[in-house]
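Heads up, the chain below is alone and in the form predicted on its own; it's given as structure tokens.
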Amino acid sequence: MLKNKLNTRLFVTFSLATLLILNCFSATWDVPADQKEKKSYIKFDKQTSSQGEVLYNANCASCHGNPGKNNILKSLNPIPPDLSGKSSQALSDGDLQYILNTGRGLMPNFKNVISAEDQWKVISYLRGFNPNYVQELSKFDPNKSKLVKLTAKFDSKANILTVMALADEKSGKIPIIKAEIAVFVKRYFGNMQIEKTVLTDNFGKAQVVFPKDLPGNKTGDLEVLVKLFDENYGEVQTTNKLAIGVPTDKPALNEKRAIWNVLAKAPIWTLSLYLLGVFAFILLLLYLLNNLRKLYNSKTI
């Protein structure tokens, strides 16, 4: 009886584990219809492919490997696909950009890491592995982004940053509705996003709540980067210097000796090891030259 119960438990455990694994491997991307139909507004050519290869190697190759080389990172679960394969190439351009933007599980989203234009360049590189691919260009006019004006105002009492997005069309200034707004603050090693990406309302307005304890410079100034993405106007960004942080009188990271600093301010031990290595190399070179001289003088060569 006990043996039967143990066998039942083992069977149930094994079945659940198997279903979980199969679910991980069989999961497909649920791409919205409007995103699936998106097309690039830049023409794919040798230049965009070359630029896309650089971006791919910097952001994607560590997991997906080199397309067609079968050197993907197989220790991940699920295993990343070879993006030159049939299943990946069967996806639409919109599918690929949606996946880049959204991410899932172990795959990060690159929405705020790689610009929309650079994302299309990555896709341009990947399409070079599909001899049957024929590009369909979008009718979007990238010059429309020049019509957009972003303004940011901060309410110190509510600690809210209000962003207004307006387009200077021939008919007048019109609000950009349901555009994606992302707000970042410049930090030492990159940009930190404040809250999540939000959408503009019917007046072209979006609001983001700022943390009250965000350290700024001596006067509390922060460099605030506002990014907008809209289907009709493309990608636009603006930078504002706002006194909305906590005044912090701390020396900059590049004022003291540190590994990440310039040569003049590198740590003493790093410089010492470097000079010791150079000195040892010179001694080795002199030793080898001296031995060659001795061999030459003894006429053994």
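Each residue number is its position in the shown sequence, starting from 1. None of these values were measured; they are calculated from a predicted model.
If you look for the form predicted in complex with heme C, you will not find it shown, but the lines that follow are about it.
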| item | value |
| --- | --- |
| One stretch from 91-99, 186-194, 150-158, 164-172 that, in the predicted complex, holds residues within 4.5 Å of heme C by heavy atom | 91-99 |
| Heme C contact in the predicted complex: I114, any heavy atom under 4.5 Å | yes |
| Residue contact check: L214 to heme C in the predicted complex, 4.5 Å heavy atom | no |
| G128, heavy atom within 4.5 angstroms of heme C in the predicted complex | no |
| Heavy atom of L225 within 4.5 Å of heme C in the predicted complex | no |
| In the predicted complex, the one of V208, I176, V122, I181 near heme C [non-hydrogen atom within 4.5 angstroms] | V122 |
| Any residue of 64-96 that, in the predicted complex, places a heavy atom within 4.5 Å of heme C | H64, L76, P78, P80, P81, L83, S87, S88, L91, L96 |
